[in-house]
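We begin with a single chain expressed as structure tokens, specifically the form predicted alone.
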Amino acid sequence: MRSALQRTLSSWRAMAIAFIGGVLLLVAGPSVFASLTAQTSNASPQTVASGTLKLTMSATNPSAGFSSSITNMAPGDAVNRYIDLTNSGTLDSQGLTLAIASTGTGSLITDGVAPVTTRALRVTVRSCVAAWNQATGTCPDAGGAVTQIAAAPLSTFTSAQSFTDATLAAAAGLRLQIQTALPDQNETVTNGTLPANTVQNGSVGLTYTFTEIQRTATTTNS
């Protein structure tokens, strides 16, 4: 027969094993305990849609816009072309600019530096709220024409030039007159030989790039 001491040790050993087993069960298997969960959701999906930013241009009849060449210019001449510039997207825009890439005769792109006195082609951009009178080159609106970009040599437009009205609302547009002018200047042709750095008998190719950026981002509450 086991002694009372042996029986006591066996009892404590059994209790210790049961305790350790319970601890291991709690650590290794908490998923056996039940929990409460509640949820809610909107009955129909919320729609979130993004906008668009688009800038388009088209010649304004009867003007041929930029598709028509300008030829045989003399100092003092100015030629107007007419285009409609439209923010055809759904987002308002800002930061409207124009850059012109010019290739060809240097004296028609950049003013001469002393002692050279040649004056390069100038571009001016004006807008009119009403439709331009293309026969006279005038703006019939009561407020008159707005100079969006003042006359500047082609070389200036290597960097984008900002419009006076630099914002365009969605679906809004500008009726533009783009004037190309060869400034007054004096040259002397001797015995049929053109002078050095002449503006005569030259030509340039012009690519007009209008740019707008999206309106300032907003945070709304509703």
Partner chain sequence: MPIGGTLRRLLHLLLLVEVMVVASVLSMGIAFGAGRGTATAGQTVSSARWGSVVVLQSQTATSGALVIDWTNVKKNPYQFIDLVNTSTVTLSGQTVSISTTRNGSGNQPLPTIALALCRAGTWDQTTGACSGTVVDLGSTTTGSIIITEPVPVNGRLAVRASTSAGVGSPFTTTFSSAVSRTQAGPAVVVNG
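Positions refer to the first chain, counted from 1. Here the structure is a predicted model, which is why all the values come from computation and not from measurement.
Although not depicted, the form predicted together with the partner chain is the subject of the following passage.
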Problem set entry | The unique member of 146, 130, 78, 150 whose heavy atoms fall within 4.5 Å of the partner chain in the predicted complex | 78
Exercise. Heavy atom within 4.5 Å of the partner chain in the predicted complex: which of 162, 56, 197, 158?
Worked result: 56
Exercise. Is residue 70 one of the residues lying within 4.5 Å of the partner chain in the predicted complex, judged by heavy atom distances?
Worked result: yes
Exercise. Any chance residue 120 has a heavy atom within 4.5 Å of the partner chain in the predicted complex?
Worked result: no
For this session: Please run the contact check for residue 35 against the partner chain in the predicted complex: heavy atoms, 4.5 angstroms, yes or no?
Result: no
For this session: Look up in the predicted complex whether residue 167 has a non-hydrogen atom within 4.5 angstroms of the partner chain, and give yes or no.
Result: no
Exercise. So which bits of 191-213 sit within 4.5 Å of the partner chain in the predicted complex, heavy atoms only?
Worked result: 191, 192, 193, 194, 199, 200, 201, 202, 203, 204, 205, 206, 207, 208, 209, 210, 211, 212, 213
